[in-house]
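Below: one protein chain in two forms, given as structure tokens, structure 1 then structure 2.
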Structure 1
């Protein structure tokens, strides 16, 4: 598909020298002046276009060539190909041609559109587009019959108002609104003149134009819309299509409060709706409003903006009815879906501006929901409907619970693998997260379902979920959420198996075997009744049935063979990110009870993880960071969970499988196990921790001839030593034991297996650290200060206040240490 020839062409175009380019331009200029060689001219212009667009640096063209191209662009006798080429070359090159093209704008549709493309692309500000804009407005004002308004007038206008929304005055807004009403509601009801002249054998053509039909072939009986089919279309029918295509953007820009641009209008609307929701009393008042809204017969008396709203509303209602028909062509079925989405969104906007429309809209929307609910092909259309319910169900006093139950309960579970639906669903949740949290009971409970989207398409949705996750954290399900995040790769594996299982019959051995032996084994397990409960758990739609299951390890083992699947591996990569978001959210909000639970989960799960390459390491790293943060936030945790922590710290097996986390646990003990953090921290407790760690250190540093080299890093040794020293300073009876132990470290460090394994610097570090600690312990009060400063010592006061500053204390201590040193290196 992409061959070396293409690559070399690009290379040539990029590397062409300035003089060569100028010569080429000269040749092109001559060609364009000679009338006969159109084909060659087209060829050269195509090459010129490649040259100017192939590089990101601007290419300047000679002004005579540029002017010639501009003339070509504006000449009505010029072939279409040359016009397009001229337009694209001018767009990509310098100097900009905005001003020269903006003068004397043509009436010809195509020329106007090509010129507009250049002007809009090169405009530096509002002033640059004004001539174009005025020409456009004049064509709208003209009372002459069709043909005066450029075909692309509406797309061009739409493009302008997107960037320069203040460009239209109120009068101009009214003018355009009136024209839009005409096109949307009063377009011709009959087909346009046919383009073909009929066959040789056909009967003489009658002058009567054929009627339009609906998408299912039935003759149309109501006003023209984009879902009306005819052999060919009249001018105003084309304008009807262009008008509907941009009406949503128009309404968002000019029919919401103030003439702000689209994004802030949307945001503002969302904010207004949120404010409405927060103030319950105003809802009661507004529901007493009259149920009879303006009927179409009186709409002629309405001002243009309101009339446009009315007509747009009717158009949308008609489209929704028309979407119920069974289309004969697949293109039209897809268009029907797009029309439903657009119509519901437009009705949503209109109802937001004028709540009296809500009573007319709801019957229509409810009926639509009833029709589409449960049809998987229409799942994406349910989202704008849900948005409508979210925005307006309170105004209309309509119960929306069923809608959200269906949405959160069924949709993700069944269609997690559709990338577009997943994206739109998650965007919906993001946009409405605060409202959903407050008003939709099962939103937060549905996180197992929502996370299915993420598990299936990790890389595509992680950015959204990083923002969405905080809204899913609820006090009663927070721990379950943590377990679910940790098992997200399992969920990915289970979803994969579910998909394969539903695609392939067990009897179809060939496809079964093609899966690969590993996956086939997992598929077998998936279908076994005895494992059913495990899979039901991981694939559950709702939270609340328990934090996790006892047989989790079994589930990990069954799924072990899926651990190398790309989808599972991709999912595993995003878990640490989610953990950070989770802990950052929870640590702020958590109460004491939850923090205790979190610590327990950390201790428990660091050995209970799905076995994917590097997954353990990454998760442990995240755990270590957050363990520190948790303990820093709430130091009494160490005492609260002293039993669990002692048990964890006391088993050397934990070192071999999760060294990093273990090191942090030890560090945290040393840092926070102190009376200054928790008055319950008595001598017995400190002693028991000390003995526990001493035993571990003893075991791992035994010096025997047959000992194997240490499989842990030197950092573990130093952290253990320092922690022991810290604990000793808090219960000074332990100091002699600590000193004795530390003196043995030298022998350990110098032993053969260790020197073979660790680098010279590392062994020196161990010895030096042991040396320093021993000396420090000889001065218990100083040691206490250095090794376990009170909480305030971290503050800047210790460094700025010249009387109490830490550096000075350090200098004193160093001096003392050097004087008292009796442990000379050998």
Structure 2
């Protein structure tokens, strides 16, 4: 989210008309030809960049201005800020400048980087980047002095292979692999030369290069890595850093040849080991090392890509060893964490391509996990470690249960308020959802913990959880998951209180009161022992303690003052979305028992929801949609749960608090309470439902002088009437009662309270529906067929084939309605 001022500027930039843009470009063009107004030119170029980048489409700039910007871009004497602004503007503008900029590429690294940024952004295909690519490869092929090493080349190459991976030939891949090996492994061990002042009377002199140090201040004794510290760095040290930053993408893109065949890779390495007998620097057991490790000298016999794999593996092992040191600076501690994440990920890729590395990597990874386990400051580093265990624990016959118990059991509960961890954690689950379902027992059991990420970071993770939720649905916990989704706003409120409670001591009443009287009251309740069980359940780390709790209504009352909290409101808005995903998943997988349980949950929870504005309405609307789907998928539900449905449908109070859901319940009764769907549907059961709905319709349509206007919609009346008529056709003894009742609907529709509340169209709809149903009931056989067609009557044949009986029946009834006016009641 942008600040209000920033949003205002972006909006102004988007609304600039073409004529105004052209005039502004003319002023910018004149400024760029003036030599003494660099500051004003920079300001104008910044404004122009905002204008061209504020919209999705490229803005067309005058050709003379584009030519001037290209000239500035290629000028070695142009100030750096002007060059970068020119590059940024050209990237976002129209027409493209790819061909004109690619025709004569500069050797200057800064100019080349700016030009490359434009070419890569505007290229329409591989042909557009070929001149840039050829120029780039020449810099790799040439033997340049240390001062001329092309630092700019690796970032550009990394961007290029991301889009055009096939652009490199095998020879070029081998060339770059050899270069990467040299930069990774053979950077100098001394700091870069720095100039020091010689004092007032003497000239500046070059200081003697000092040795590099580790993050804890100890002099470095091994090869250079990104965790080596110095005041300044040499060019090859910078190349070492660049090489490490792109090695992961490089291995994923190109280091696959010869590694898919595991047996040949192992045989090749075993032959090299037999020829070369040297000391090993790994931490693994010597018996294992004698089988799978290659020494420094033996690695020189490997092909370039395999040698790069070997050196990258050694580099990552060294970084993991360095990360165990106590950093003197906080920034170095953060760098250690980032290096752990990257190193473990690279080792994971290498082991995936050559399983012989698994046995060398696991001792290092296990030691790393043992060191970081339990330290929540390193929670993000556990994700690549868990990924490594997930991918390779079976190969190494290592038990990974403890790793995933820690990952799913503790990280979300303690670090739910870390947005970056939340995003990466959910991405990890998405990437591995199928494997986690099959191999990690506590993955599906941990959904109460995983949903804490969503409850706290709802707006940022909704798309991810929509994709992730189906993988969390399991037969034994599906009902508990549904309750947990419905209680998600309560979870958000409880997490908020937990966070506040940990920050403020109970004795510090002043600080509590500053939170507001409502929040202070909720904090007080959160710390009450009598409510501890409620909060322990809603904050539980895993499933299995019960589908829900009996005191849910009490919990809603305790958290009532948190209902307007922005986080809680935002969380409530995503619940209907999750409900749709949940039911779409469950409906396809659920058995008869689960279907019955789901229907009971719908009937129970439609009135047992956290009292948030519009939350009840949205959830009940979702319930209504999926009630129809459940009953269509398994029609015997109506008979199975007849007692509960009768109890729900027979209570007029449900109409006033949950009309939409109630209307759908009545509709499914009329649609699926039929012997054609369930042979258990006897006359007695039909009569029970008929009498129940008849009593409800009678109660809500009584016409009294003191009666208040109806607070329900005409749609409910018509659905109730239609359902009564449907039930009457299935037990024809009920037809006279239904007809008599329907004949009284004109009186109700024309009564003063109704006409004061409903429009003329609404009242006519009620009267017309009553007349149509009465006429149908006078022809019981036709009525039964029209009002309750067979299960296949909604198929295309019944509506397209003129010889089918349904169209004939409809034409017959239509003719009766139009020709026999005597059928219409007075």
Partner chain sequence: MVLCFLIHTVCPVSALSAGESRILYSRLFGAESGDDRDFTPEQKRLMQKEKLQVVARQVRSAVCLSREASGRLCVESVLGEEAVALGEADSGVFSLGSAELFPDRSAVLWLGVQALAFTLICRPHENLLLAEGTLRNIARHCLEELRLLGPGAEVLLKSDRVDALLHRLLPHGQLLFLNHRFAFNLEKEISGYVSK
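Just so we're on the same page, rigid core means the largest C-alpha set that superposes within 1.5 Å between forms. Numbering follows the first chain given and starts at 1. A quick note: this is a predicted structure, and the numbers were derived from the prediction, not measured.
The second of the two structures is the form predicted alone. Comparing the chain between structure 1 and structure 2, the rigid parts pivot at a hinge, and of the candidates 753, 137, 187, 93 the one placed there is 137. Hinge angle between structure 1 and structure 2, smaller rigid part versus larger, from C-alpha superposition: 15 degrees.
Overlaying the rigid core between structure 1 and structure 2 leaves the Cα of residue 98 displaced by 3.5 angstrom.
The two forms line up on their rigid core, and residue 60 then has its Cα shifted by 6.3 Å between structure 1 and structure 2.
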